[in-house]
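First, one chain by itself in structure tokens, the form predicted alone.
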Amino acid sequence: MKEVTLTVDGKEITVPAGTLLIDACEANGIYIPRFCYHKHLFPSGNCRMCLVMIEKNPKPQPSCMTPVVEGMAVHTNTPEVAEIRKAILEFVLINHPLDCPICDKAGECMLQDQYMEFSGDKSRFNETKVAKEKLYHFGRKIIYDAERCITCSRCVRITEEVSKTNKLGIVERGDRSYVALAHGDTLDDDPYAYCVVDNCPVGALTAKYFRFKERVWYLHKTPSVCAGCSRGCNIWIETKDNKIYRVRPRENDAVNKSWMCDFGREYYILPPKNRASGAKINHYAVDYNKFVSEVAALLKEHAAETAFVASAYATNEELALAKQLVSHLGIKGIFHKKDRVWQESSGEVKEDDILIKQDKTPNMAGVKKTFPEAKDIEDMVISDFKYAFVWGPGAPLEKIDGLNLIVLSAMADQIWEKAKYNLAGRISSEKHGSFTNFNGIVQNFRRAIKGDNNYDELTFFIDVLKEVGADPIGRTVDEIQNAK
């Protein structure tokens, strides 16, 4: 690709031709403030906060709308540019309610941050502010506060360019303008509606599930990977006191850019109702060590008569240990299943050409890579087996009914209820590891919350391996990743 060389504040930089000036500066450590610009949206150039001076050009230019040119000389920190930024901030704040103490965006608000960095002046505006709608319900998910809105149009462009629902528009003119839906419409049927909240630079758009629940500076952010489908969107899980308060997309250009679907978000926010708990044999709670000992002995004695059914919710590291156990014992009947399938009644989108995949599990690619010989459970001949180790939810009852079942699962479904041996596992937010997405990209994630009366699958397989006389290939996620 052709490259061009320019100077910014006296520093010579070289970037690909066609790069926007704001991106060229940021890639070289020079931050230019902005409100309306977003790297994954078409630039609109309406907030003017990114104006810079370019030599031989008589007027300041918006860096978000200006491609770099060979020999261009740019100035981003002159007294004139500083005055422009102060003037724009004063203009934006004229009708702003200045209600930061009660605004959910406080602590991560671009307007708040840029005022502190580039202005700090008192307002000279003594007239009455324009009053607008404070509680405009955009449906069951989102509330819009028109007084906080700076009409940057990010939300409008997200519905145009990302979800392609074209739900939002800006109506009226000047200081009366605000963002609106068509009469009677809502954002409820937009599967990416919460993205407008994530990318609102101020607190105009807030999610009802998080509104007034917690101040953002008290939240602990954990990098994770969404387990809602095989896309593997990168996410932040934000917690306090072992509770998930908020889930937001984490930028990754190769997987999900800056977006995630609403279902994936609610997958974490709304706790599952049918969680499994404890270690049980014949439906009676037992000590974990006794459970491990009995299961290990049973698998060792009946390996030839046992079907092993892998879980697409398992991490790659758990699968690696399971593979070692199956190989060590000589278990030949290996199967995979769909732990979760799309159900029309749930209102979830089955598949789209944006992010959502039809495979509703996070690691089927990891299962098939670890166990290339595994067959679909639908191909199982039940008469070939007397025992089945079923990992994860969603196994078809008719394929294993009548077998002696050992179930390791985070969810208590009908298979869990029929099992003789039960061990409660963990969901992805409760463990470390990695998933392989549909495109073969391996992505690590960290535990965000602690589980309650359940057991780490990684530890379980390590303990069973030791019980049957095998030396585990690793005892931590890092050791197993390095051993593979």
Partner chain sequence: MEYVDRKKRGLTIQVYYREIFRGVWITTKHFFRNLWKWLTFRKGGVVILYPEETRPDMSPNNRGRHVLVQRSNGQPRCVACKMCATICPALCITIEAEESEDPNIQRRPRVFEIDVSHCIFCGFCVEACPVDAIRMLPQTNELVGYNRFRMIYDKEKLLTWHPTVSDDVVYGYNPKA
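Treat the numbers as computed from the prediction; the structure is a model and nothing was measured. Numbering follows the first chain given and starts at 1.
Note that the form predicted together with the partner chain isn't included here; everything after this is about it.
Enquirer: Want to guess which of 155 to 163, 94 to 102, 321 to 329, 73 to 81 is within 4.5 Å of the partner chain in the predicted bound form, heavy atoms only?
Expert: Only one stretch qualifies here: 94 to 102.
Enquirer: Look up in the predicted bound form whether residue 217 has a non-hydrogen atom within 4.5 angstroms of the partner chain, and give yes or no.
Expert: Yes, residue 217 lies within 4.5 Å of the partner chain in the predicted bound form.
Enquirer: Contact with the partner chain in the predicted bound form for residue 135, defined as at least one heavy atom pair within 4.5 Å: yes or no?
Expert: Taking the distances in the predicted bound form, the answer for residue 135 is yes, it comes within 4.5 Å of the partner chain.
Enquirer: Is there a heavy atom of residue 190 lying 4.5 Å or less from a heavy atom of the partner chain in the predicted bound form?
Expert: No, residue 190 stays farther than 4.5 Å from the partner chain in the predicted bound form.
Enquirer: Does the partner chain come within 4.5 Å of any heavy atom of residue 212 in the predicted bound form?
Expert: Result yes; residue 212 sits at the interface with the partner chain in the predicted bound form.
Enquirer: Just one of 339, 317, 145, 262 has a heavy atom within 4.5 angstroms of the partner chain in the predicted bound form, so which one?
Expert: Exactly one residue meets the criterion: 145.
Enquirer: Taking the partner chain in the predicted bound form, which residues along 382 to 409 bring a heavy atom to within 4.5 Å of it?
Expert: Going through 382 to 409 in order - heavy atoms within 4.5 Å of the partner chain in the predicted bound form - there are no hits.
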